[in-house]
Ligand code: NAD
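Given next, in structure tokens, is a single chain: the form predicted alone.
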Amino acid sequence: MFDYDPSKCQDEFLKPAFKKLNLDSEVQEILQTPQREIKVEIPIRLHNGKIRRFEGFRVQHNDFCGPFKGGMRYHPSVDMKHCRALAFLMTWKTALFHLPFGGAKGGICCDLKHLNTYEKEILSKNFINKIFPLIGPDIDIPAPDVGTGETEMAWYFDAYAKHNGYMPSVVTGKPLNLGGVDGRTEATGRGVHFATLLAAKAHGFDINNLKITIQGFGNVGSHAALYLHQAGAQIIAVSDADGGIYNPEGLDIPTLFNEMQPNKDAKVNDSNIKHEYISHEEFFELKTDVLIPAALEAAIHSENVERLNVKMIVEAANIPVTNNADNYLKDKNIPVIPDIFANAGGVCASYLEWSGNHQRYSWPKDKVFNFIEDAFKDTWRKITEVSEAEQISYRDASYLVAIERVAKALYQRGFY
């Protein structure tokens, strides 16, 4: 088994920033320790009459800079350890972008293939019924993640309203007519696109000759592919759980995107566009300028990192590169654009949804996208400034900026 422990990865990524900031060991421990961890039992009656027990989790890592904020994941891999690591990530991500949030993450350990719509609704609402005293518009604001979307967020909103009345700002990623923001679905992929363009320009790549491979063609990967294709890049390969498709001249991304959108169960290899099928192993060995891992954690690890033939990696997923693989890439001078920067488009849009809900105002899509673009440009400027001044990687620079902001808030708020 390759080297992946999500908590260890996070701890290793924090160490360089802790050392440079010369933080007291007690403060380091505070920043590494979640403020609250919640685990609940959720028994429901299935459509066949049988009782099934599920486990739900919510880790509230840090709220020094604002209320807890983070996604809710429905997946068989969901457990406290993964929620803890991803909650840490949200703290640093929101701090890096100077958003008034802290970090949280949660989810339910379940296999969606074995649940119908009714069962998913009951499961979702019963979960909120268990944790509603510990969430709220200014306490903890859930959002979509792997396995969830606007439907689940609408169920959360409804369950919370039964206890506390109409408060759309309790959750983001909702449908438009329930207070959602136009552009939220595309926002994370849009942010990955901006991050890739900014990094490519900084390293002298010509976008019109840029070859890109994208691991994962779900919501984030597909939208990133579409926007990068529109910008002039060649997406030569994409993959999903069953394998990948490849065309050295560039895939027909608009057609593939339209084929995949109506059917969440569609596989990229079923597409009618011109391509050849490749395995997961072959996908990671392709020669490309930019590799964008946009699926689950630990896609790039000690057992496959040496086979990569890439010039840059842009992390669209959360923790897609393990700490050992990251050290190898540093040694090879292959820049990694870190997740806490590259995939923050979603939380930027969520901030507009949350703030707009407080004001009963709906942001138009063009302003949402303009806000995301400006936020990425400003944050990239700060990251590169610190990276160049300190002669450190983009990841280390990002963590240095984020941790300094959170630590400053901790000291300013005091300890009484």
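One-based numbering along the sequence shown. Since we're looking at a predicted model, the values are computed, not measured.
Note that the form predicted together with the named molecule isn't included here; everything after this is about it.
Only one of 159-167, 181-189, 201-209, 306-314 places residue heavy atoms within 4.5 angstroms of the named molecule in the predicted complex, namely 181-189. The single contact residue among 220, 153, 300, 96, judged by any heavy atom lying within 4.5 Å of the named molecule in the predicted complex, is 220. Proximity to the named molecule in the predicted complex, taken as a non-hydrogen atom within 4.5 angstroms, holds for one residue of 289, 119, 252, 145, which is 145. Although the partner is absent from this view, residue 239 contacts the named molecule in the predicted complex, with a non-hydrogen atom inside 4.5 angstroms. Heavy atoms of residue 294 reach within 4.5 Å of the named molecule in the predicted complex, making it an interface residue. Using a 4.5 angstroms threshold between heavy atoms, residue 318 counts as touching the named molecule in the predicted complex. Taking non-hydrogen atoms only, residue 322 never approaches the named molecule to within 4.5 angstroms in the predicted complex. Along 62-76, a non-hydrogen atom within 4.5 Å of the named molecule in the predicted complex is carried only by 73.
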